Structures are given as C-alpha cells and as structure tokens.
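Shown here is one chain on its own, the form predicted on its own, set out as structure tokens.
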C-alpha cells in the first residue's frame, strides 16, 4: 500500500461527484449524503463508494476513491483504508 502523500504527481486528476441526500438516518443530517444502505449484491458501487466491512453501510465520497485512501464510517466509528481486492474492485479494510 502506498501512502497517499507519496503518490506520484502525474496521476490523473480525481473525478468529482455531487452527492444527493439519502434516506440514511443513523447519522446527523449534515452527514447523511455520505452514507447509504446497500440494496443487495446487485447494487453496483460507484468509483466513489466502498462498503464498511463492520456495519455493511456504503460510504460515499465527493471524490473518486483510490487505493490507500482513508475513510471514516460514522455509524460504527471505524477508520478504514481503501485497498484493491483480488477481483480488482476497491474495498475497505479496518485500520482501527
């Protein structure tokens, strides 16, 4: 895993996403757009989304997620690191 601060500067710029409000009500209203419930295995994840392995909530970002990024799951208060899985998709691993 490469520290995000040590990445090469020539990488393509990250995509930006506008997040719409969701019906996720387990966090304060200010943060609800950053989380959603997964609707099953057929629900595809976007390049700005990862699933929390602890509480199975989808964590969303306004920017494209890449390997080594750190995300926070407010519902279960876990700090996560984004890693690339064997199948090439991004997934989150618990840091602490």
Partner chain sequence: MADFLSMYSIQHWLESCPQGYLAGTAYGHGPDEREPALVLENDLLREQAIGATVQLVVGERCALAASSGLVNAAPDEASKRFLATQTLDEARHVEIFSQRLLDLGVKKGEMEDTIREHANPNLVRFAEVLLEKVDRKDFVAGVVGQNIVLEGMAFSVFEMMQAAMQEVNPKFAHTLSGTIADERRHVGFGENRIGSLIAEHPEKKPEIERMQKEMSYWMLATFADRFRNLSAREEIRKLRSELSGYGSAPAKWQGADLSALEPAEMERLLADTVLKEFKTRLGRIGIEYQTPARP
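Numbering follows the first chain given and starts at 1. Quick caveat: nothing in here was measured; it's all calculated off a predicted structure.
There is another form of the same protein, the form predicted together with its partner chain; it is not shown, and what comes next is about it.
Contact annotation: of the candidates 87, 25, 20, 11, the single residue with a non-hydrogen atom within 4.5 angstroms of its partner chain in the predicted complex is 25. Of the heavy atoms in residue 76, some are within 4.5 Å of its partner chain in the predicted complex. The closest non-hydrogen atom of residue 54 lies within 4.5 Å of its partner chain in the predicted complex. The closest heavy atom approach of residue 33 to its partner chain in the predicted complex falls outside 4.5 Å. Shown alone here, residue 37 lies within 4.5 Å of its partner chain in the predicted complex, counting heavy atoms only.
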